[in-house]
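Here you get one chain, nothing else, as structure tokens; it is the form predicted on its own.
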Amino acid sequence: MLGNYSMKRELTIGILGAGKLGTTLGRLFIKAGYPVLISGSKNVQDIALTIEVLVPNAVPLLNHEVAQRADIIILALPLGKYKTIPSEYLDNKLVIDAMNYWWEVDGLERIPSDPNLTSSEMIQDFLPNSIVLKAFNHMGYHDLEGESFSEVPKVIAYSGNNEDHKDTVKELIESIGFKPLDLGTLENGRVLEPGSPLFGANLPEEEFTGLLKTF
């Protein structure tokens, strides 16, 4: 069970998505000492140079290869591409959902279409045999890199229904220099989605929790 690991960097992190968020997280986790595998929308040959430049020491692979080989998967794709996630390789794996619905990328029709369903709950429904937790979606990629190990630690909030794996996510957040904050269930992760005052939040704990209390 991943939640019982002592996090001695035995865990390989796989990132699906080689855009700005995916490459930023890749750099941060490599700096923290984790092996990182990363895939993009193109084939390996087409993204190899990009990864070599933007995420030195990460290994570019195809989506299904990342899903097969990594211990932890981070979803950094446009949300509208979630059906390209190779679910058949993710049974019993911890999947961290960092995706958001963004109309400029995903189109005007909200994803998910049910306004009572959060995007991470939709991803858990799509990956019924995986353990989905939400994290790394509310802070902009530029702030993630700039605020890592800041003098006053900034909050990265997370949510999920599986308590056994939350310690793993907590330690991952700490390893790249942020203050973890558990919001409870996946449903509670709604407060991190676009449209919420906490979306884009780059705040220390006291300010973050103060804003959270206004909901």
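Residue positions are given as counts along the sequence shown, with the first one as 1. Quantities reported herein were computed from a predicted structural model and do not represent experimental measurements.
Here the subject shifts to the form predicted together with a small molecule, a form of this protein not shown in this document.
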Handout entry: Check all three, S120, I123 and L192, heavy atom within 4.5 Å of the small molecule in the predicted complex
Key = no
Problem - Segment that reaches the small molecule in the predicted complex - one of 88-96, 107-115, 75-83, 125-133, heavy atoms within 4.5 Å - result: 75-83
Practice task
State yes or no: in the predicted complex, is some non-hydrogen atom of G19 no more than 4.5 angstroms from a non-hydrogen atom of the small molecule?
Solution key: yes
Exercise for the section: Check whether S41 has any heavy atom within 4.5 Å of a heavy atom of the small molecule in the predicted complex, and answer yes or no. Expected result: yes
Problem - Non-hydrogen atom contact T185 with the small molecule in the predicted complex at 4.5 angstroms - result: no
Handout entry: Heavy atom of N63 within 4.5 Å of the small molecule in the predicted complex
Key = yes
